[in-house]
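Next come structure tokens for two forms of one protein chain, structure 1 first, structure 2 second.
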Structure 1
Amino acid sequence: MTQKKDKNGLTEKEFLKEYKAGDYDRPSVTADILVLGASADLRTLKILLVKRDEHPYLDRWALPGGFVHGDETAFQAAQRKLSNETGLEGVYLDQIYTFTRPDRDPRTRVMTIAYLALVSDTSDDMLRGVTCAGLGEATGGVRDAAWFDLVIDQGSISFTNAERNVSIEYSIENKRFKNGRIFYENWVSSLKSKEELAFDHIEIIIESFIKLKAEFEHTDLAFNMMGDTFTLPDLQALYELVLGKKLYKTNFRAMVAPKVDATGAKMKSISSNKMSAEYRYKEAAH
């Protein structure tokens, strides 16, 4: 088979042999992960943050993440960093967006691919007892990992961990942007508290949460944030927590009916504190 030659008379093999990667900018690539769940009482969203143990942003709280190695995909890097920094494995993980602002990292040009991870357990036990004393070299510059209350009110977004006496708050406002002929709204943040998140991680959190809200009501994502079995009142409470609005009981149950199976047993509902029929995610049963 005749090999094609380019305008310089080179075959692809010859071209690659002479190719000099150093002639072009080569930005580094990282994977950052927003790990999201709900509190045990289903009243508050929980976000996992790690405390940085190295420059830049030494001692700042950040999303777990790190550099993508040459022999792995960004998805594999996200899985690796989650396991190393937090002990989380086998959780739902989905790509959100690629952040490429030139000045987002003071070290060099670093692009990051952001992922959203959804979990059903936000207890400290889920972190395998990750503490300042227990973190090793494999964590890659992280000295602590903790669940923070994520509260989104009208005009603000905050991250609070009472045990560590940390409260980080940003103002948010809706702004309109144009893309082609389409106008859309997005949140723009500005810092309100003395402490702030590292890098541009507030932007990653905002983009991830907006995407989650847009998809949550019409997909099965909620079941990644529930236990193996649950009650319908608790499932509805989770939907309302993420969506930030009340749902009509009849309409909600009609919406989730094709997605759940009754186990025939009963369990105590977290949200109503009453015994209720027990259900499980239908796909998980097959």
Structure 2
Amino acid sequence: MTQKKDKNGLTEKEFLKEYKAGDYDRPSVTADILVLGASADLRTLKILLVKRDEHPYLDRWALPGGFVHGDETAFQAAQRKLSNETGLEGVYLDQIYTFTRPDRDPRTRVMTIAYLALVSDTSDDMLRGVTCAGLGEATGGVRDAAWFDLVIDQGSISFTNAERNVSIEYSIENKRFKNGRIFYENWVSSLKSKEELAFDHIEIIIESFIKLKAEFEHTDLAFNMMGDTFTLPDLQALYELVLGKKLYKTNFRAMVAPKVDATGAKMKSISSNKMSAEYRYKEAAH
């Protein structure tokens, strides 16, 4: 493309032939995924955690994820992991933030690019593939996978799985710090339970949930967490679950009206067990 020579008298072609990447500044990079959904009855948020069967953090619960391979983007790595570990394809997946603290992994320097995935089904069936696949191939130290109840309220965040008798809890505190001239808010967590999450995954979860909440009201993200058809009472239940507050029926319905189409049919609301009009997400412009 260019025949320009650099200060050593090399063309770009010659330079690239000679180039050897330095070693000291090359970290490992993983993609970790926060897979989030609502329980079948739309009463609790569910998060997918996997149990590590390797050091470090052996036997700790962690976000699913793995190394970004040499021939793929971080996004593709996240998609691959998601597909391997849950069988899910075509779900909503978005990059959230990159975590780079030098000591966040005791093995070596590992940066992680955090992704948020939203799913509409959090049944255990879905995970049947996980344990097998995870144990079968070298998927980066996974022994078990399970949906945990995620409860976030003012002051604490908790992860519980009754079947496995696991309960992990952190208290969270809002700290202000200055960036340039303006103040920013940041959530700082501290462990409350005996069990803990692996690595700095609690930070990833908090950061992702903040972003989800901020975007939830003004975008159509919600429809990634609902089935193909749904009732408005159920859709409202999901919004209330994520936003953590009650909404007024009238205002809610006015807000979603341009985003949905009535199918004409009726179906039972899962959250209330009553008949209600059936709707479908309207993909058209609005």
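Every residue number counts along structure 1's sequence, beginning with 1. Quick caveat: nothing in here was measured; it's all calculated off a predicted structure. The term rigid core refers to the maximal set of C-alpha atoms that superpose within 1.5 Å between the two forms.
Here the chain taken from the form predicted together with another copy of the chain appears as structure 2, while structure 1 comes from elsewhere. Positional change of G9 between structure 1 and structure 2 reaches 2 Å or more at the C-alpha, relative to the superposed core.
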